[in-house]
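Next up: a single chain in structure tokens, the form predicted on its own.
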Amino acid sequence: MKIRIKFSKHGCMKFIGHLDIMRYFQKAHIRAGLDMAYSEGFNPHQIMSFAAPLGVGLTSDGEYLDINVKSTESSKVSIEKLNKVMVEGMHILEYKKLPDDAKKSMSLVSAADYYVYPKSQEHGLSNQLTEQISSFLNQDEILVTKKTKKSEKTMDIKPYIYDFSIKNYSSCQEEVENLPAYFLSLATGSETNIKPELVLKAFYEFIGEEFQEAWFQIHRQEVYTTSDGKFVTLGSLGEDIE
């Protein structure tokens, strides 16, 4: 049976890398008493995969993990059991059954929403930024140099920016309330992956100002896939277990 888990990551847990998060969940599943399915062979391991690994230092309310189980209790009970063994900063939000033929979440990811807010008042967002964002997006193309481990290339990222605006962001976990923040909806996935810091760096260059990633906190709000030409959350592809 395939299960899709949605979880949030806040506080000091934002400094824990993806590999350690994988090991953490392997142990958490056992502590919560989940009837996990294991791979076969000489080195059996839990069958699990993550949708889109989160970078170190980022917080999130929209992380997804797929697992296989032999049997399961209801979504409500499973969420309660998992949250009892979660550390501070980690919280299970959804536990849904997927169709037997469901694809892995990592192969489905096509977009993600982000809030990027200043860590101090010194770098707060000014009122004129809304007009400057509009001018930035009205360019015929937005060229950036995107670096990979092996090379770098110049690409036009304008088609992959689905939304870029200023909205108020609130988070009780991070003790933030109605703070003006950049909101970005960007192409995400194995084929095209546009990071919010890449867009903001290009924007600040456009307006002739300095951008320092350390001045801002990046928060991933949600992750989407495409269904019938529309963006839907990865969790919407599953159903609650009664």
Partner chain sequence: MRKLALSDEILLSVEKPARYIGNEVNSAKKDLKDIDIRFCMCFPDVYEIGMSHLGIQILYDMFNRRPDTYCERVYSPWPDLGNIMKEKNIPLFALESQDPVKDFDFLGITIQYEMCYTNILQILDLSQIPMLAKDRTIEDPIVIGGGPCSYNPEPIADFFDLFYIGEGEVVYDELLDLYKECKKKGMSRRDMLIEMAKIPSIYVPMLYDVKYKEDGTILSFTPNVEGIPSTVEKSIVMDTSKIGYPAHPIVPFIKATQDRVTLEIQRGCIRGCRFCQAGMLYRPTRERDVEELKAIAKEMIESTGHEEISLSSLSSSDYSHLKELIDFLIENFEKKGVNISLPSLRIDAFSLDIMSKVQDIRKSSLTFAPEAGTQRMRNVINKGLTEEIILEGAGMAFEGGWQKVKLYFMLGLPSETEDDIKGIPQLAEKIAERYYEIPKDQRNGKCNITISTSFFVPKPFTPFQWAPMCTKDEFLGRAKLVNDTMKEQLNKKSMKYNWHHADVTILEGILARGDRKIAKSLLRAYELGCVFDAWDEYFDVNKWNQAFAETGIDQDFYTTRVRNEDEIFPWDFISCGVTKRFLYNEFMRSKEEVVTPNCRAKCSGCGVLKYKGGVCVENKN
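Numbering follows the first chain given and starts at 1. Just so it is clear, the structure is predicted and the values come from calculations on it, not from any experiment.
Just so you know, the form predicted together with its partner chain exists too; it's not on screen, but the next bit is about it.
Participant: Among 131, 88, 152, 163, which has any heavy atom within 4.5 Å of its partner chain in the model of the complex?
Facilitator: Answer to the contact question: 88.
Participant: In the model of the complex, does each of 13, 24 and 56 have a heavy atom within 4.5 Å of its partner chain?
Facilitator: Yes.
Participant: Within 4.5 angstroms, counting heavy atoms, which one of the listed stretches 177 to 185, 31 to 39, 194 to 202, 61 to 69 is next to its partner chain in the model of the complex?
Facilitator: Among the candidates, contact is made by 31 to 39.
Participant: Heavy atom to heavy atom, is residue 167 within 4.5 Å of its partner chain in the model of the complex?
Facilitator: Output for residue 167 is no: heavy atoms all beyond 4.5 Å of its partner chain.
Participant: Wondering, does residue 119 line up within 4.5 Å of its partner chain in the model of the complex on heavy atoms?
Facilitator: Contact with its partner chain, yes.
Participant: Going by its partner chain in the model of the complex, which residues of 213 to 234 come within 4.5 Å of it through any heavy atom?
Facilitator: Counting only heavy atoms within 4.5 Å of its partner chain in the model of the complex, the contacting residues of 213 to 234 are 214, 217.
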